[in-house]
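Shown below, as C-alpha cells, is a lone chain in the form predicted alone; questions about how it binds or moves come after it.
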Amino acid sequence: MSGRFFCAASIVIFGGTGDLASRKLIPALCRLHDAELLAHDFHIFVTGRADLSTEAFIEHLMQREAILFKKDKRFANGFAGLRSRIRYLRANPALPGEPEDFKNRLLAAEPMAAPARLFYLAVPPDSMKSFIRLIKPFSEENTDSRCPERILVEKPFGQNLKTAKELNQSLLEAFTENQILRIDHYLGKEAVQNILFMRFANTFFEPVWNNHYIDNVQISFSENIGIGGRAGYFDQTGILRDVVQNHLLQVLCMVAMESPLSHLPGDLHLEKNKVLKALRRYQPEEVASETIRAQYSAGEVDSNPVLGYLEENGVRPESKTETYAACRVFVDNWRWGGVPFYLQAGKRLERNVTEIVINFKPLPHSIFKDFTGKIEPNRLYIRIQPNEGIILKVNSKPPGMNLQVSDVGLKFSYESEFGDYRPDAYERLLLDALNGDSALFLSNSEIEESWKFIDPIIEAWQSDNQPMHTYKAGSNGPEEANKLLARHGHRWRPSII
C-alpha cells in the first residue's frame, strides 16, 4: 500500500504514560506506520507529569508491552520504523508557567515547518480543562483553515449533562466544533460499522426493519473480568456511565437510525441525533420498573474463585456503584413506536461478548401445526466481539422422511470470509482523526442527548428509589434482569455464535 500524506503529521498524546497509550494508541500508530498509512516524517510526542528522558520512556514501554511486541509483528515492525520519531515531553499543568514552557519544548522538538498537530487527551475527565489550557496557544497561532489543529477527546465526556456542557465549553474556548473529535472506540469496530452496510447496502433488510416486523431488540455487553486496577475510576462512575451512556446508546443509534443522505459526517450525526432525541425519557416513578442495577458478589470465573465487588481493592465498603445495568428503552418515532430495546451491560459475567439480537415477530398464521417441532420467530444475531459475525435464524425442514421443522442458522463469519486480520478500532479512528474525517466520532449534541436520557436514571438510583441487587461472579447476571423482560413476555436470547 503506497504511503499517503495526511494533514496532521504529528500527534501529541497527553497521558502518554498511561495504560491506554501503551496498550492501544502507540501500538495502533505503529501498525498504521507498518501499513504505510502515515506521513513519511510522522512524529509521536508522548507527555507525562514527571521529568523523564525519551530513552527511559521507550525502555519502560518496551518492558510494559513485551508480550505484545512478541505476539504482534505489525506493532513490532512499525515501532522499529517509528522509534526514532517518538519523543517524551513533560506536561504538568500544575507547574507555574507550564503552558509557555511546554509550547517552547514542543516547538523545539518538532521538525521544521511542522504541519498542524493532533492533540489527544487521554487523561481523566477532571484533568481535561487544565490540559486544554496547555493546548490553547497552539490553536490560536494556527490560522491555516485548510489544516487546523485538532483535539481528540477520550471518554468519558463528563459525569452528567452539567459536567458534559462544562467540558464542551472549555473545548470551544480553544477550538471550533469541527476541530473537536470525541472518541467512542466502539464506532471503530468493524462489526459496528458493518451495521450500516448490512442495513443500507442490501435490499432485503430495510423493508422489515420496523415495528411491523420486529418484536424487540436486545443489545448486550458482557465481560467476565472485574474492575482490575480501575477501582478509583470505576467506583466513581459505574457501568451505566462507563458503557451504556456511550457504547450501547451509540450501537442503538446504528440499529435504529433512518437512512442518512450519505455516509458523510454531518448526515450520520444528524440521523443518530434524531434517535437520541426520540428516546423516551423516564419519569422518576418509572425508573424502578424499567431499569435494574446490581453488583457482583464472590463467585467463580473459568473455575477460578474471584472476589465480590465490595471486596475489591480500592472499592468503598459502602459503595452503591453498579457493576451491572439493564433497562427497557423505547424510541418514540414512526419506525420504532412500541418496540422495546433491551440494553444490558455487566462485569464479572459468564462470558466476554457484545452482541445485538433482532427478534422478529411470530408468524401471523402457521400451516405447519401438525409438524414435529416448534416454529420459532426469526432472529438476527450481530456479534460485535469477539468472533465477529452474523447469524440469521430461519425455520427449515431437516432431511428425512418425517415432517418436522427446526430453526437453523445462516452464518457469516468475518474470520472465515475475510481472514483473521481486522484493524484494531483505534487504528481506524486514529487514521480518520489524522485525516480530519469525523464520521466515526461523536457530535456534542449526541453526547448531551445521551446524558439527558441517562441522568434521570442515575438521579433515581441515588435517591434510593431502587434496590441494589446482587449476582454471583461468573453468572449471567441478576435474576431481576430476567424478570424485567418476562413481565413483558420476552426473554434474553443467549449468544449462539
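Counting begins at 1, following the sequence as shown. Quick caveat, the model's predicted, so the values are computed rather than measured.
The discussion below concerns the form predicted together with ligand BG6, not included here.
Chemist: Verify the flagged residues 159, 277 and 452 against ligand BG6 in the model of the complex: is each one within 4.5 Å by a non-hydrogen atom?
Modeler: No: no residue has a heavy atom within 4.5 Å of the partner.
Chemist: By the heavy atom within 4.5 Å rule, which residue out of 117, 347, 182, 328 makes contact with ligand BG6 in the model of the complex?
Modeler: Selected residue: 347.
Chemist: Here the chain is shown alone; which of 388, 149, 242, 427 has a heavy atom within 4.5 Å of ligand BG6 in the model of the complex?
Modeler: Of the candidates 388, 149, 242, 427, 242 is the one lying within 4.5 Å of ligand BG6 in the model of the complex.
Chemist: I'd like to know whether residue 271 contacts ligand BG6 in the model of the complex, with contact meaning heavy atoms within 4.5 angstroms.
Modeler: Taking the distances in the model of the complex, the answer for residue 271 is no, it never comes within 4.5 Å of ligand BG6.
Chemist: Would residue 393 sit within 4.5 Å of ligand BG6 in the model of the complex, counting heavy atoms only?
Modeler: Taking the distances in the model of the complex, the answer for residue 393 is no, it never comes within 4.5 Å of ligand BG6.
Chemist: Though only this chain appears here, would residue 230 touch ligand BG6 in the model of the complex if you measure heavy atom gaps against 4.5 Å?
Modeler: Yes.
Chemist: Mark residue 221 yes when one of its heavy atoms lies within 4.5 Å of a heavy atom of ligand BG6 in the model of the complex, and no otherwise.
Modeler: Judged by the heavy-atom cut-off of 4.5 Å, residue 221 is in contact with ligand BG6 in the model of the complex.
Chemist: Name the stretch: of 332-340, 168-176, 221-229, 197-205, exactly one has residues whose heavy atoms fall within 4.5 Å of ligand BG6 in the model of the complex.
Modeler: Going through the listed ranges, the match is 221-229.
Chemist: Can you tell me which residues in 183-198 come within 4.5 angstroms of ligand BG6 in the model of the complex, by heavy atoms?
Modeler: In sequence order, 185, 186, 189 come within 4.5 Å of the partner.
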